[in-house]
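Two forms of a single protein chain come next, each set out by itself as structure tokens; they are called structure 1 and structure 2.
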Structure 1
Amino acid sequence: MKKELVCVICPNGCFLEADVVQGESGTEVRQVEGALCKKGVKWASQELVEPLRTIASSVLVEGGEIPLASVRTDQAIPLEAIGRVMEEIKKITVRAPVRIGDVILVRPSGAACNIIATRNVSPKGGQ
């Protein structure tokens, strides 16, 4: 069976066409066409079996020059896990200062990723 998809790895957004068969061990991706790079082929194989995404959000900061610190997953996580991970992110409060790369949450909701800070937040009033 042919499946069409758009690669989300980079802004090229390649339009891919994959040949998919339902084998004994589940979905098998046979051939991927249209990818400008090898990553796209690998991505398509993953996407059709279990789509993975990086998500970004914010956590509340206490005592910071701005009220929020942006965060993201350091690994792509299964699409279906996003809702659960977001619920964990929403509960967190951190204290300034925050540095880029600070691990805010480890394996939220059991997902195979950490939540890391993506911006520096200095304490309010100071540097």
Structure 2
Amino acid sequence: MKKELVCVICPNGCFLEADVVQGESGTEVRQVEGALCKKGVKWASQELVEPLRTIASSVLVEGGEIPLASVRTDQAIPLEAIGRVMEEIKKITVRAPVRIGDVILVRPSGAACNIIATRNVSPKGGQ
């Protein structure tokens, strides 16, 4: 079967057409056409076989100058894991100070990633 995608790897936004076969061992991408670079072919194959995403969110901060710190996954995770990971993130409260790069949560829901801070939050009153 033919699948059409628009590549999101670079600003070119190539219109891709992939020849996909569903077999006993899963999805197989036989050919990708329309990519201006090899990255597009690799991305399309990954997207059709096992789509991955990074996610960004925020966590509550106790004793901070602001109430929330932004966080993200430190690497892409399977699409089907996003809901479980987000549920764990929603349960988290951290104590100020928070520094960019701090590991907030290790391997949420067994996903092969960590949740890291992407914003500094100082303690209330600069303590």
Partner chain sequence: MGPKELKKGVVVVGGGPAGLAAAVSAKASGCDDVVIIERGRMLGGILNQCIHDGFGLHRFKEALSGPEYAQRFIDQVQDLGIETLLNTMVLSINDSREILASSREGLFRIRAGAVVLAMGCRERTAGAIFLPGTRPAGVYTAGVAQNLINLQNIMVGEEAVIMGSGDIGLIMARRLALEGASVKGVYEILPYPSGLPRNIQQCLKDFGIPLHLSTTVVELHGRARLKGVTVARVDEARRVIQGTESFIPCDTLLLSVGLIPENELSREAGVAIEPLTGGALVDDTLMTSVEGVFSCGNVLHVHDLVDHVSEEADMAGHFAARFAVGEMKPRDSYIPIAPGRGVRYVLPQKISGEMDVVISLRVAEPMEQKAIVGRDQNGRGIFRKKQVKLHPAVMMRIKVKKEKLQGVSSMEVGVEG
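Residues are numbered by position in structure 1's sequence, first residue being 1. Each form is matched to the other, and the largest set of C-alpha atoms that superpose within 1.5 Å is called the rigid core. Note that the structure is a prediction, hence the values are computed from the model and not measured.
Chemist: Quick one, which of these two is the form predicted in complex with its partner chain?
Modeler: Here the form predicted in complex with its partner chain corresponds to structure 1.
Chemist: Core-aligned, does residue 10 move its Cα 2 Å or more between structures 1 and 2?
Modeler: Comparing the forms between structures 1 and 2, which are aligned on their rigid core, residue 10 does shift its C-alpha by 2 Å or more.
Chemist: To one decimal place, what C-alpha displacement in Å is found for residue 22 between structures 1 and 2 with the rigid core superposed?
Modeler: Value for residue 22 between structures 1 and 2: 2.6 Å of C-alpha shift.
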